[in-house]
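Next comes just one chain, in structure tokens: the form predicted alone.
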């Protein structure tokens, strides 16, 4: 069995999961187990359903045509039935994306669609829709000395009276070939994420498992009229709504009965961490200026020491 550390959890898997960092030590038990097996085609007592999924109690059945069926149970167990007509090498990317995101929801975690970097011992998150440049932002900051904490899934724990904590995702970045070339990351490039995509795993320079206190969150937005480049602080009420909108697979939050949990979590986050909108051009030439503006912002909020 393969062993990994993902979002603060120990994972034992029958399936090799490329792009994950292997666990440094073997453990007799795991927080999450992934196994190949037989899954039902439907859940007879389903209480909620969509085109490709069903929920029944603590079970979540997800069917991805041409890939596999995934049965998630109680936030601890994932059973995978590959599609006989599919490419088995495509299965891991779905496990590490949608499937694991749903599993974290089952476990009651607050899960944002976000990348994250470490800044002065704290976590800074970048939220946004797919294609908004979350991974590219994290990779560029890592080249600038701020190590990657997460690439796609920002798992946050909320404890009453304590600063929210972010759990390292434990996997490699996923970057398009152009981003790898423009950011000079060819030395860390690994396998393709999927055979038909020019997107690759890129190994981080640092691998660590320590959870970090959350310092700031940035909602990414492209600079196009009427939006001009810059960083703007969000009002608390707007920030709470923005975080809810950037939950991982937000349409499932309501269906899994977590709407209230997310509003409470959003309130706790905006009360303890700074929340901003980061508007910037989707242009690699602009990245140095974007990083400079972030560093200035981090100095302004006391996250970094002011330059001498």
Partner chain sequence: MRTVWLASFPKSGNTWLRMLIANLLATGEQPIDINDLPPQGSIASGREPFDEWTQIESGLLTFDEIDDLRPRVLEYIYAHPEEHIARAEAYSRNQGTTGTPPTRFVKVHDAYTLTRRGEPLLAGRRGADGAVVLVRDPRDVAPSFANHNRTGIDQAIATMANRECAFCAQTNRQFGQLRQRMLSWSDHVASWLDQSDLPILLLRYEELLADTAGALRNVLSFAHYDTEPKRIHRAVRLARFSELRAQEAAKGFREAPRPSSGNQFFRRGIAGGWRDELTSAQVARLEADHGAMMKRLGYHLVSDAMPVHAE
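Residue numbers count along the first chain shown, from 1. Not measured: the values here are computed from a predicted model.
This protein has a second form, the form predicted together with the partner chain, left out of what is shown; the following refers to that one.
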Contact assignment for the partner chain in the predicted complex, among 271, 52, 58, 47, heavy atom within 4.5 Å: 52
Touches the partner chain in the predicted complex: residue 250 (any heavy atom, 4.5 Å): yes
How about residue 120 - does it come within 4.5 Å of the partner chain in the predicted complex, if we only consider non-hydrogen atoms? no
Can you check whether residue 211 is within 4.5 Å of the partner chain in the predicted complex, heavy atom basis? no
Contact label in the predicted complex: residue 30 to the partner chain, heavy atom within 4.5 Å: no
Answer among 126 to 134, 183 to 191, 71 to 79, 142 to 150 for heavy atoms within 4.5 Å of the partner chain in the predicted complex: the stretch 126 to 134
Using a 4.5 Å cut-off on heavy atoms, which residues of 60 to 90 contact the partner chain in the predicted complex? 60, 62, 63, 64, 65, 67
